[in-house]
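First comes one chain, alone, set out as structure tokens in the form predicted alone.
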Amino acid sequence: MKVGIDLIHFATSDYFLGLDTFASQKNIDVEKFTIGIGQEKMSIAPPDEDVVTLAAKAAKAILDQVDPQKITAVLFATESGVDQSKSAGAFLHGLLNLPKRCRVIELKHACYAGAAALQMATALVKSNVKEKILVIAADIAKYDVDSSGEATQGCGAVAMLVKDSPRILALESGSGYYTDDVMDFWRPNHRETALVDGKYSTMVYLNSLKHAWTHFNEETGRTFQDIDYFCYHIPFTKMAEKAHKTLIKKTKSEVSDAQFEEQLSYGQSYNRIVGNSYSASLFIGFCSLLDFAKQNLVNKRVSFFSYGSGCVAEFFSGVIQPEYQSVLMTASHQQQILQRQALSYAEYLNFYHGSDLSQENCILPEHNRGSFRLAAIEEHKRIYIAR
């Protein structure tokens, strides 16, 4: 039985900050960003946008094509949770009017949780072919103003329908994984923004890739040469290039410049202009590969490397299915990107500081132009509206 991704759609915010604007404000050469880390823009969420509204926007395009009443579970991966007790998936379940006979849970491990949710969903379907599972990976990457991470912010959500006989990607059995208790990136409960040791995190990422690959190779017998395209977790675009070079060296593979470009570049286009989206970034990269690849991808093997700081990593693969082109949502993805509004640095700061959501009661100004928004806080309860 084949199990995997039947439909996939991503969403981002209605606004972006250009790194040319950012560089000008900071008196920094813009090439530090466009060339140094490979980023051009970062999506910025207004105060009335959060991971729940982003997830709803991503998922609605899928639910418009299937019977929502047949969804049996929602697995919501995020490190930008909105409540310490109530799952973001429960808020999403209500917004989307999903069936009561439905499991809902939130998963967290930094940027890795989306891959964990996908693996869990696959296992559930293999145990019961009737399962149709909505996997969500959604995050808002936010760092302190004037910190080294400020230029690597962003936001996005990816929704995936996981079922038997998938039309986009059949996941293959076997994966490689690795865990180590390290402090390369963390966000204590009292902080709204993350703390990161950038150089150390890069080192841990690459070390985790080597270990996860070795395990993957041992478990599956698949080699570097068996893989056609490579998707990596992308906190910034150049990280994927570092990762691919590391894997080539690790496997002692011979890869020409043209082959390197072919294996990697299609999966980088959206991340370059959306920015970091934590748990969603790997799958936005996969959407990018599907939307921009010049070749027909049918029967091509794609690998996925998921890295979550702290740290957990996993390397797995899947095969593109014959019907994939007929169900892609490329037009929606590209329309969202084109319709974003550019922010000045002052407007970005206004969004950044936004409203104080720790208040018992507040009404949020209306900036979010999407179908779902966070409208207010009433007695510390989040009030979402669909329109």
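For every residue, the number given is its place in the sequence shown, counted from 1. Note that the structure is a prediction, hence the values are computed from the model and not measured.
The same protein also exists as the form predicted in complex with a small molecule; that form is not shown, yet it is the one meant from here on.
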property: Residue 70: touches the small molecule in the predicted complex, heavy atom cutoff 4.5 angstroms; result: no
property: 4.5 angstroms heavy atom contact with the small molecule in the predicted complex for residue 323; result: no
property: Residue 272: touches the small molecule in the predicted complex, heavy atom cutoff 4.5 angstroms; result: no
property: Touches the small molecule in the predicted complex: residue 29 (any heavy atom, 4.5 Å); result: yes
property: Contacting member of 236, 286, 91, 229, with respect to the small molecule in the predicted complex [4.5 Å, heavy atom]; result: 236
property: Selected contact from 309, 80, 208, 317, since only one has a non-hydrogen atom within 4.5 angstroms of the small molecule in the predicted complex; result: 309
property: The small molecule in the predicted complex: contacting segment from 93-101, 258-266, 294-302, 238-246, heavy atom within 4.5 Å; result: 238-246
